[in-house]
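Given as structure tokens, the chain that follows is alone and in the form predicted alone.
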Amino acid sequence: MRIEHLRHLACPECRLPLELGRQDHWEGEHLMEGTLRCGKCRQEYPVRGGVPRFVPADNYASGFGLQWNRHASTQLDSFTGVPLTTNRFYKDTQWPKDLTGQTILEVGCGAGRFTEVVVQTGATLVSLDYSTAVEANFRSNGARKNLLIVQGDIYRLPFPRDYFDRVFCLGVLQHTPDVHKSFQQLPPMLRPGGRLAIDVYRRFGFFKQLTITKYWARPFTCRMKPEVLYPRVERYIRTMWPLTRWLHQLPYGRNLNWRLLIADYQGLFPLSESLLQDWAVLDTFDMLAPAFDEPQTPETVQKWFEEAKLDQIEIGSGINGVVGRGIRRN
């Protein structure tokens, strides 16, 4: 972390500013190893690998740490050469591409697919994740002067309240222990007039929900250790791929592949054959491994935004399910 980014952090216990503690190792302008401390409650928080850490390494998101460190580049537009993440970000948030001078919070950064988009807007970006995926993000984006990457808990956000111009949380909420409670942590981070954008998996009616076969498998797979599940998923995808390609040519073939627990993006994304397989491995693992997977209806998301007393509420559909946007009242 850079010393000038310390102002964006606060003790998650008492919300007061943090100060530098030990400074064991610097690399240029980055504190790579050391501690941060709170002068009031005497809590100390380590900085490891250039990332302030506010949670233990072993937590319910360990599977995400594994997948994003193994697929650190798979979904980055800079790696694929296709603006899939860029297009999704601006479609879901409806934000302008020039955000110079603003301070933005990203909750759930993963390997940094949205991070690398937002740091190009001119804003200062603070990116948080609960898992060790922060390490993949730091390797890809950590050199950017307008970026602070933090490992922390959505229920104990280590930031000042009423602080950020914009907050976004994409691909995350459904994978937290309490989706509603997780959402409630986001609006207080906004300054008055600040903008919030989120998405969450969509819950369908009872019978349609039954056709989503990942929910048949998840009672077994989400209990497996990620390091055991991942190689099994990878072998399954690689073995099934010739059949996957053939089934894709049939009417409703893509739907059939998804019901066979194969994330099929053929024809949707202009990716190479090897990248299509990598995305299939990544997203199939992402379906089966998370400890939590709680989709929501648009009506529920609308209610959350109204409870938070946000203005100009917009609830719609996105590639990931339900998208919500709103503005904190002045």
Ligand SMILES: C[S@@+](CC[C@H](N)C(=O)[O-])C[C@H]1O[C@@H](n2cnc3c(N)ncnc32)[C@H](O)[C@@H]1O
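All residue numbers are counted from 1 along the displayed sequence. Every value quoted in this text rests on a predicted model; they were computed, and no experiment measured them.
The next section is about a form of this same protein that is not shown, the form predicted together with the ligand.
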Original post:
L170 near the ligand in the predicted bound form, any heavy atom under 4.5 Å?
Top reply: yes
**OP:** Mark V200 yes when one of its heavy atoms lies within 4.5 Å of a heavy atom of the ligand in the predicted bound form, and no otherwise.
**Re:** no
Original post:
Taking 4.5 angstroms as the cut-off for heavy atoms, does A61 touch the ligand in the predicted bound form?
Top reply: yes
Original post:
Might D153 be said to contact the ligand in the predicted bound form, defining contact as any heavy atom within 4.5 Å?
Top reply: yes
Original post:
Pick from L128, L190, V179, I104: which residue has any heavy atom within 4.5 angstroms of the ligand in the predicted bound form?
Top reply: L128
Original post:
Okay, which stretch from 256 to 264, 171 to 179, 241 to 249, 205 to 213 lines the ligand in the predicted bound form, with non-hydrogen atoms inside 4.5 Å?
Top reply: 171 to 179
